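In the form predicted alone, a lone chain appears below as structure tokens.
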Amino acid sequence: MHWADHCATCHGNDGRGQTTIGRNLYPKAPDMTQNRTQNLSDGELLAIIKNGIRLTGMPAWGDPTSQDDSQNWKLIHFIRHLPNITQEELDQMKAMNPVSPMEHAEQQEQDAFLSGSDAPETHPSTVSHPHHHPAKKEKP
């Protein structure tokens, strides 16, 4: 669940880095299923997760002073599993991925259409965005 929510945005649910963000980072997000990552020691992976990698898109995801690394060790275990991930596991993870307000509105519209409901149509332009500033109305 942690991977799907925090890591998959760049690395993908399958760990291959073939996401919009992962492909456009410089350097690109690595394919976590390949030997270059899989041959890293568990300690090296822990250090990368906790400290990030300077001058890349990999942020630090942990408190370097924390003694509780249980979540990080679970991530390392998951990274080791990525080369053998199943389609069923990928399908389960997809449901855990974060969804933008626009994606949520589109899904609701699609669900309403498929159910035959007469719900009002929602267009992406009507979805509230945190950085959207509607045009000011002129005073009469």
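The shown structure was predicted, so the numbers you read here are calculated from the model rather than taken from an experiment. Position 1 is the first residue in the sequence shown; the rest follow in order.
This next part talks about the form predicted in complex with a small molecule, which is not shown.
Colleague: Examine His104 and determine whether its closest non-hydrogen atom to the small molecule in the model of the complex is within 4.5 angstroms.
Modeller: No, His104 is distant from the partner.
Colleague: Is Thr56 close enough to the small molecule in the model of the complex to count, meaning some heavy atom within 4.5 Å?
Modeller: Yes, Thr56 is a contact residue.
Colleague: Is there a heavy atom of Lys28 no more than 4.5 Å from a heavy atom of the small molecule in the model of the complex?
Modeller: Yes, Lys28 is a contact residue.
Colleague: For Trp61, is any heavy atom within 4.5 Å of the small molecule in the model of the complex, or not?
Modeller: Because a heavy atom of Trp61 falls inside 4.5 Å of the small molecule in the model of the complex, the answer is yes.
Colleague: Exactly one residue in Ala112, Leu40, Leu90, Val99 has a non-hydrogen atom within 4.5 Å of the small molecule in the model of the complex; which is it?
Modeller: Selected residue: Leu40.
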